[in-house]
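What follows are structure tokens for two forms of the same protein chain, given separately as structure 1 and structure 2.
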Structure 1
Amino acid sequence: MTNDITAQISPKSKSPLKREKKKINMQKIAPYLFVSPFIIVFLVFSLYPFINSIIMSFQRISGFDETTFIGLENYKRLFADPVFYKALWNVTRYTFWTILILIPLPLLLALVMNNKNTKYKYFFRSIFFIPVLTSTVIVGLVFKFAFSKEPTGVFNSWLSYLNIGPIDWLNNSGTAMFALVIVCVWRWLGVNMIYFLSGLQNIPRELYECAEIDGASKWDKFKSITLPMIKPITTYVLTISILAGFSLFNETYVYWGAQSPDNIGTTFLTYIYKTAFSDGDFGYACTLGVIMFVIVVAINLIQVSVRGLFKED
């Protein structure tokens, strides 16, 4: 924009040669201007805090002004900390269950939605999508009441028809995990369905037509056309599921606050939150963050390199 304004006002730049030169310069600078917001935010709000986080993980901090360098103390403490292992176990289990359900089920729904015979597609798509619009905190409150240990609690009253219960859902490790996974499935089913649907709609029809001529069955087509063609989407969904699983916070915070009985609801983030903001132990909280980073990046790198996201398909 600047160059054509100056071209209009200043008579000097009307010389075609100069104008040409200016434009070339502008074309070289422009891309950097366009990506600059990302670079600035990355430097200030990601890279700088990240480096800071690593430094702080080697410190004992009481109030941000009083810091002592303590070397590997925090890391030694972490590897001997049963709560850390409990949190690792909880988020791994949670991620495992959510992926096990939230990959095949939304894919199946997407296949149904992509079928030309299915009726009221737009209506159902919207209904399935509505849960993700709501806050996990607000929905978590509803589920917390539904999982009440009282016989009048929703799930207990349903179970009572089968002469089971009442169950103290949120105070047992297994049922607590169930209560967490249910909210996740309820919330993300529609979103993952939309992702898979976008993948399905980008598959050229001719592929299926060719396969049909060769006499391929429905299963053959799914296995050798659909699955390979939606691989990038599956990798993407897997990546964000791993991220979301290991970053679990809201639901457990609503169910139990920062401290759950026997740590059944403790995740990396609830533990970081508690360590920093209840115990004031910012150094150790940073150590937890660094380890969480290492674990999640390692898992995602393995996952992505095995599945080949960066390969040109």
Structure 2
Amino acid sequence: MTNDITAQISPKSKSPLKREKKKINMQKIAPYLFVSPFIIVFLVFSLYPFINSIIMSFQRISGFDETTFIGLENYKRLFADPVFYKALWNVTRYTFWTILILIPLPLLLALVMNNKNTKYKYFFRSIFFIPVLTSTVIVGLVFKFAFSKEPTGVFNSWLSYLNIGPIDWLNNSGTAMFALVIVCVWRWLGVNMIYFLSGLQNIPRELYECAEIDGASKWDKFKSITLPMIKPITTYVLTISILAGFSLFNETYVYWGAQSPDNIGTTFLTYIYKTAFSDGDFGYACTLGVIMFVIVVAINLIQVSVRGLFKED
């Protein structure tokens, strides 16, 4: 009799527990299901190519099946390659000039846009942001014609009013770098301004009010409150600027293609592209990619360490 009663009661008493347990298990599994697409994409399209590139950098590859392990030969060749040093010099100069312009100038614009007395600030924010929405290839083509060596080119036309020129902009090292930096500044000025603006708007107004009570000047408030409070934003902008500088490709390819005169427009990526897809030397192209990765990581680690972001506050 007792067994019959237990058999009738236990399924009903356990079913809510089972449902609760199943619900808890699903809650534990759900986060992994949501992030699994990203993890799969990362493993297939990022981690696997990265590891395979490191392996290929130690190989001589001629075709899809003809691979030969050659140890450090590609790296020895790279350190004796003058085109590699030319590409390194070009991207270093480009990164230096873009950082020199694209950190202080967007910060200044963000301060103006964050001022409550600035009129039409939302309109100007949109105007500054529009360039990044345009296609890099189209922008490069437009600026390529603007920097034409012909007297009818836009910049040569402007210089003609000063009795200067015409200048062969894209066949001279200095003016070619100027042409690259101008495109970058025009395109990314608004984006960096938005980054700094978001940082400025997160600074508590009470800090400025306390400083004003203590008699702090505008420069004192900027130096002692604004700059320290937007330090993470500045570091982020600096980091992506370094990465963008060393991965420059679209603008140089539109200007000169894979081969520029005297390599004045050669960057790491254009050299990798030419080595892999024009020369068919995939092993050496992977070596260039690995070295580029090492350089970018090293520079960013140094700048982050110098700025003290690894230190505990």
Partner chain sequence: MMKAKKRVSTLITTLILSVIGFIILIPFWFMLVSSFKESSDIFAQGLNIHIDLSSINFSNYGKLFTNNNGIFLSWFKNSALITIIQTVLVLIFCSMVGYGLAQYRFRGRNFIFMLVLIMLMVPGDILLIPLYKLVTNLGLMDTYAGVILPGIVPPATVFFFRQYAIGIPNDYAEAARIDGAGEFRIFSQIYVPMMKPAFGAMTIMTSMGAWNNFLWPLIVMRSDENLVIPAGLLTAMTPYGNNYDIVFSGSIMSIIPILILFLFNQKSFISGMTVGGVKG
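Please read these numbers as outputs of a predicted model, since none were measured by experiment. For the two forms, the rigid core is made up of the largest set of C-alpha atoms that agree within 1.5 Å on superposition. Each residue is numbered by where it sits in the sequence of structure 1, with counting from 1.
Self-check item: Structure corresponding to the form predicted alone
Solution: If we ask which form is the one predicted alone, the answer is structure 2.
Quiz item: S278: with the rigid core matched between structures 1 and 2, does its Cα shift 2 Å or more?
Solution: Shift of 2 Å or more: no.
Quiz prompt | C-alpha of N52 moved at least 2 Å between structures 1 and 2 on rigid core | solution = No: N52 shifts by under 2 Å between structures 1 and 2.
Self-check item: Rigid core fit between structures 1 and 2: Cα deviation of Y32 in angstrom
Solution: Its C-alpha position differs by 2.8 Å.
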